[in-house]
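Below you'll find only one chain, the form predicted on its own, shown as structure tokens.
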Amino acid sequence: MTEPILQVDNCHVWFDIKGGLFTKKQTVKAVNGVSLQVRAGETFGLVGESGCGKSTLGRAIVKLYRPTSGTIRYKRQDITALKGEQAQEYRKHVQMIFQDPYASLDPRMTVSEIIREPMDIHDLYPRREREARVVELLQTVGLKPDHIRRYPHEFSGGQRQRIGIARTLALDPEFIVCDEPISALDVSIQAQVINLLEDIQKKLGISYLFIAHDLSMVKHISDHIGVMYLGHLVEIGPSRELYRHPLHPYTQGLLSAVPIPDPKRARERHRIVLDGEIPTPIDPKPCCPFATRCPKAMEKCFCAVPPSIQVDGRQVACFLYQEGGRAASEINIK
């Protein structure tokens, strides 16, 4: 078992909302006690509903947000308090692919300037070699060298995302946070971008934290998957095992919504509809975050947050499995 390249321990990212004349100060608990590990050369998929804190966690890892508490370790080094030159050195190794290729590229800069900018900031490569490096990166992501003088508005969405990937690779990173890199693209282009990311990983040995909504795509690219709900990681496990036998009721509900191309199988499948009140991340109650929507909720689910325990080689935070860490086969979870 290889050592984790990235380790997140009990990470909290909270944002204060200033109170007004008749309202008191409130806190949005976007990430609430998340712990995970990503090993060198692997892809960790992170899934969940919009607003569950996936992107906030990714931005904390690349130091766009500072965690309220907890630690984020990169190669055993705690990076949460890094500042100045140390933080800049860290960013050479950990980069991010943003969700929207239309908003993440400066429309006033040429492709050459966009990809070369990280090299200029970090003074990487001799100046006369940077242009050649830009051409090399364009070819790596499947674009032509003559695109170097064009502007972002002259490209399609898929091509813009390839430019964003080339910019991310400019510093030769070892870890990349992919923040929903395919959600803004056409379906036909999504597979091309995923294949490109896989080819880059095989060639360079880069580790990914892959954040996405498309559960079938996450299964395809990920080695391990974490399921996030309202700032909490409710289940973590190997990709194949998690899809074949989901443990947490929320994971079961998510997977039951994945489209099946076979009409006969789709009609026979049991669809889990998650009813109930959707809670707010503003000063949430000290209970299971999924309790108000869970079809298997018990009284204690509304009184305490379930700890994460090992069940069948996976981590799951659910009171269904708390009695002595029983195996999933002993519990009727369907």
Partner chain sequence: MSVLRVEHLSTQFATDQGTVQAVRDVSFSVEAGEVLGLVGESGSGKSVTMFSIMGLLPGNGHVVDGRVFLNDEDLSVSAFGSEKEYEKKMQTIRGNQMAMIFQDPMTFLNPVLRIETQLMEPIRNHTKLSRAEAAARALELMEKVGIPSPEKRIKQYPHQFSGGMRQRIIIAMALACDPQLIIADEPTTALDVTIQAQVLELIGQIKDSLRSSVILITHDLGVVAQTCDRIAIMYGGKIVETGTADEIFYMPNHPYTKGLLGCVTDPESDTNEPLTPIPGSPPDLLKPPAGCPFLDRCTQAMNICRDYMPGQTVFSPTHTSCCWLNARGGEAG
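What you see is a predicted model; the values in this text were computed from it and never measured. Positions refer to the first chain, counted from 1.
Note that the form predicted together with the partner chain isn't included here; everything after this is about it.
A single residue from the set Ala87, Ala132, Ile260, Leu204 has any heavy atom within 4.5 angstroms of the partner chain in the predicted complex; that residue is Ile260. Among Arg127, Lys144, Arg108, Lys264, the residue placing a heavy atom within 4.5 Å of the partner chain in the predicted complex is Lys264. Contact annotation for Ile121: none of its heavy atoms lies within 4.5 Å of the partner chain in the predicted complex. The partner chain in the predicted complex is approached by Ile194, whose closest heavy atom lies within 4.5 angstroms of it. Under a 4.5 angstroms non-hydrogen atom cutoff, the partner chain in the predicted complex lacks His224 among its neighbouring residues. In the predicted complex, Glu49 approaches the partner chain with a heavy atom inside 4.5 Å. Look at 301-309, 66-74, 267-275, 26-34: in the predicted complex, residues with non-hydrogen atoms within 4.5 angstroms of the partner chain sit in 267-275. In the predicted complex, Asp186, Val187, Ser188, Ile189, Ala191, Gln192, Ile194, Asn195, His213, Leu215, Ser216, Met217 are the residues of 183-217 with at least one heavy atom within 4.5 Å of the partner chain, listed from first to last. An increase of at least 3 Å in the separation of the C-alpha atoms of Glu277 and Phe302 is found in the predicted complex, compared with the displayed form.
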